[in-house]
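Listed next as structure tokens is one chain, alone, in the form predicted alone.
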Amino acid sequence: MTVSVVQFGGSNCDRDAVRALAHLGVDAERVWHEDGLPADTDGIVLPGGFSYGDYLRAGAMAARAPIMAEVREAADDGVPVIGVCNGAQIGSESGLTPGAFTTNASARFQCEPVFLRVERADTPWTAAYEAGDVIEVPIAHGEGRFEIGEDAHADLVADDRVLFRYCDADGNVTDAANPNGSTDNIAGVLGERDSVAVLMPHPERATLPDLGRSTDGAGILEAFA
């Protein structure tokens, strides 16, 4: 599989994503957004960062870049697509997934490890886990609070499209375990296809053993392996 890691002006996690995927034996390359997707793209990562300085809204400008039409078309064709942090914001702004990400309840940038509960294990992104597993993955965002309307939230839950929820070390989903005030402690969601996902935490920062921290995020990126 050849994974295209889309780089926008202001992306800063694209190299991390390529390194993490290479560690898992996945062929990945950084693709400048103006160049379009390579013809041999078998997977897509929308990486973290501060695309276009987060002007207007985080991810809003990148979501309107021409390459995102190609990303949406690829997603419709079943190509696996994941958006991480700023990539999650871009994904939601472009309509790949429902809901939106806005300013943290604390109104502060937060960079810390968090615990996530795996809500579904029957997707490409969670096949390495069991439902109910607790994994530790870091966050680093100022606009990571997931918001969604009441009816849309009910549909999201009914359609079983919640991928991860913030929880404590024992898997309890509580207000205290919610780092940013996200609706229903939601940390990651699926698109209309299970092959499309966005999440605010950074699995690429919890993959390399050299970093001396949790490698729990590797299972998410193994979807490309």
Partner chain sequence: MTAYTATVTVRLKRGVLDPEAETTQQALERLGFELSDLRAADQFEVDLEAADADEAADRAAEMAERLLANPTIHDYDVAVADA
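Positions refer to the first chain, counted from 1. Model, not experiment: these values are computed from the prediction.
This protein has a second form, the form predicted together with its partner chain, left out of what is shown; the following refers to that one.
*Asks:* Please state whether every one of the three residues P138, H141 and T174 places a non-hydrogen atom within 4.5 angstroms of its partner chain in the predicted complex.
*Replies:* No residue of the spot touches its partner chain in the predicted complex.
*Asks:* Should E93 be counted as a contact of its partner chain in the predicted complex, where contact means heavy atoms within 4.5 Å?
*Replies:* Although its partner chain is absent here, E93 would touch it in the predicted complex, with heavy atoms inside 4.5 Å.
*Asks:* Just checking whether T102 would be counted as a contact of its partner chain in the predicted complex - the rule being heavy atoms within 4.5 angstroms.
*Replies:* T102 belongs to the contact set for its partner chain.
*Asks:* Within 4.5 Å, heavy atoms only: does E147 come near its partner chain in the predicted complex?
*Replies:* The answer is yes: E147 has a heavy atom within 4.5 Å of its partner chain.
*Asks:* Looking at the partner-bound form in the predicted complex, is R193 within 4.5 Å of its partner chain by any heavy atom?
*Replies:* Output for R193 is no: heavy atoms all beyond 4.5 Å of its partner chain.
*Asks:* Name the residue from A131, A154, C111, A107 that puts a heavy atom within 4.5 Å of its partner chain in the predicted complex.
*Replies:* Selected option: A107.
*Asks:* May I ask you to choose, among L56, A158, A169, A69, the residue with a heavy atom within 4.5 Å of its partner chain in the predicted complex?
*Replies:* None of the other options qualify; the answer is L56.
*Asks:* Within 4.5 Å of its partner chain in the predicted complex, counting heavy atoms only, one of 24-32, 160-168, 44-52, 58-66 shows up; tell me which.
*Replies:* Going through the listed ranges, the match is 58-66.
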